[in-house]
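A single chain comes next, written as structure tokens; it is the form predicted on its own.
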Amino acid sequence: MISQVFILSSKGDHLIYKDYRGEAGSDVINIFYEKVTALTGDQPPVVMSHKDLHFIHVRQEGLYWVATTTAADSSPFTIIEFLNRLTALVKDYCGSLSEKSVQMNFALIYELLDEIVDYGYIQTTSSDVLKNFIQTEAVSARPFSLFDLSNVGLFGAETQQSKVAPSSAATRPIQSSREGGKSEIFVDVIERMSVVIGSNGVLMKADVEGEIRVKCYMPSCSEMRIGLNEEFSIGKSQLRGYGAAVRVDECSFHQAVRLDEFDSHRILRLCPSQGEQTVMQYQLSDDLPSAPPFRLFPTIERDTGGRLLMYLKLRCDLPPKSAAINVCATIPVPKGSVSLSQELSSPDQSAELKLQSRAVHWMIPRFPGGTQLSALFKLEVPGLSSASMLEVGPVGLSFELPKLTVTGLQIRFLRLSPIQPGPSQRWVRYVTHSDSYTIRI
């Protein structure tokens, strides 16, 4: 049972505030922001408490999406799922998640909150149901231009090095499909990988979680057929023939997906609703079909002047025509580190010492496959000893691999029946994110 829902900017500005039960005053907004900013580290707890009130929040696109409850038996996981679904709805209707889009569409968001929650009880978060009740038109925060690609990412996110321009549907409000506009469907194959590599270079753990997500901007419902790899198998027992099989350990489907052609032809059939929905989720545990995308070769020593020297060689083992973007290596360093000097192998790289998190952050905007980059870091650490040198590492990597899936899952075809009248476009996109990529030193 939810007492309040509010949205705050990263600076604590009140963007949206909805009180369903009158169990707490509006000062809880300031209390929450004081608690969340007073915490050390980059990952505050999702659930926090103040007297009898519990704060549950997620952070999306720099905004805090918060729900409060006084009920001791409320499930935090249910409320977290509700908040995630709320962010997806706002993105569907407003076109993007940003402080500006929330401010410009506050009336629409309040109307959404009135429909999806009644006196603290969640009613529905289905775009297909809500489209019959929501009357407020969305205001586009920023018109899309094909000629302005400087800050457009793979899925409309702002990145420095992206070269991919999405269609205007990526930032179009959901209502636009009812205005006689062009019909478009996006199928996104998104994978997140968790990897642990030992200090000897041996792969110790590798897990991949993936999903197929459909974003539908069509005026009417049509049956969609999504063809996966013919050699796609679930579990080792289903491996077929001697070809290069695409294997996962577990797989689940949305309740709207019909599987009568899945076993024989690996085809998913569904009638997509407007908005966004995840039609399939899968997982691969303790296995990778190819080598990990990155390998690190570190050398850690102390020079004659008492400085800590870290010489790092980072190799990208992706195919030569592929590239990783927004690569960031985080290297924990000894306590008391005061300054950093650096020598990087290319001018587009950068590095900085963050004293609060006690780590060096090495940023690489674009890393082509089959190449190797290096960095020499010299740290001033007063009183450096052999024991404090053991505080270096492990190295954590974050990155994005556009146009690539680690499992090898591909969409063979995407067909609609009956064929839609008027112009329609279909887009298939792939991306792999690092969920946790750890290399021990």
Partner chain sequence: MKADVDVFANVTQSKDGSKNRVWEGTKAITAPCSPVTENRQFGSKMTDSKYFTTTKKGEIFELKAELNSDKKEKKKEAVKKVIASMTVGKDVSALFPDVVNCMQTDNLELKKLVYLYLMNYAKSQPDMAIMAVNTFVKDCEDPNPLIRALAVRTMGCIRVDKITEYLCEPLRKCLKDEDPYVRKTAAVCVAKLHDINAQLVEDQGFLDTLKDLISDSNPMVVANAVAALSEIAESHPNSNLLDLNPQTINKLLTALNECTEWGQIFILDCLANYTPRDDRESQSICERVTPRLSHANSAVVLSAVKVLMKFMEMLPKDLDYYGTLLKKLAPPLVTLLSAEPELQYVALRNINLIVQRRPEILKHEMKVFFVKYNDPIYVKLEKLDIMIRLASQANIAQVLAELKEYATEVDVDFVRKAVRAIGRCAIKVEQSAERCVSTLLDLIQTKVNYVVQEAIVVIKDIFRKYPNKYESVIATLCENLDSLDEPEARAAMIWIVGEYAERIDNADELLESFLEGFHDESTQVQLQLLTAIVKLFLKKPTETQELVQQVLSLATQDSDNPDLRDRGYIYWRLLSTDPVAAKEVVLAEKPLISEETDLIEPTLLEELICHIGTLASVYHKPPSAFVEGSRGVQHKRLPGSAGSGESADSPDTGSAAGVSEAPPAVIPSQGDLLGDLLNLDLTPPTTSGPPPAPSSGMQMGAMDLLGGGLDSLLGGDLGGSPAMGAGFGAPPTAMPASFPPPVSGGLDDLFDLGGSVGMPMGAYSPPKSIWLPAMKAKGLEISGTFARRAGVIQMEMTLTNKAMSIMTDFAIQFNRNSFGLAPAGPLQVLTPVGPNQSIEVALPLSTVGPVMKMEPLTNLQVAVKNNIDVFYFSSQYPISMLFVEDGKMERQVFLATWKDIPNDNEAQFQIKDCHLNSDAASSKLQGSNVFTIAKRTVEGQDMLYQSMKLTNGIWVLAELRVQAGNPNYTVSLKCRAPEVSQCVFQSYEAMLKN
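Superpose the two forms; the largest set of C-alphas matching within 1.5 Å is the rigid core. Here the structure is a predicted model, which means the values were calculated and not measured. Numbering follows the first chain given and starts at 1.
The same protein has a further form, the form predicted in complex with its partner chain, not shown here; the description that follows concerns it.
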| query | finding |
| --- | --- |
| The unique member of 188, 115, 92, 184 whose heavy atoms fall within 4.5 Å of its partner chain in the predicted complex | 115 |
| Position in contact with its partner chain when the complex is considered in the predicted complex, options 343, 230, 261, 250, heavy atoms within 4.5 Å | 250 |
| Stretch from 368-376, 404-412, 30-38, 52-60 whose residues place a heavy atom within 4.5 Å of its partner chain in the predicted complex | 52-60 |
| 4.5 Å heavy atom contact, residue 427 to its partner chain in the predicted complex | no |
| Contact of residue 390 with its partner chain in the predicted complex (heavy atom, 4.5 Å) | yes |
| In the predicted complex, residue 85 touching its partner chain (heavy atom, 4.5 Å) | yes |
| Residue 266 within 4.5 Å of its partner chain in the predicted complex, heavy atoms | no |
| In the predicted complex: members of 276-292 within 4.5 Å of its partner chain, any heavy atom | 277, 281, 283, 286 |
| Rigid core superposed: residue 53 CA moves 2 Å or more between this form and the one not shown | yes |
| Core-aligned CA displacement of residue 297 at least 2 Å between this form and the one not shown | no |
| Large Cα shift (2 Å or above) at residue 326 between this form and the one not shown, core-fitted | no |
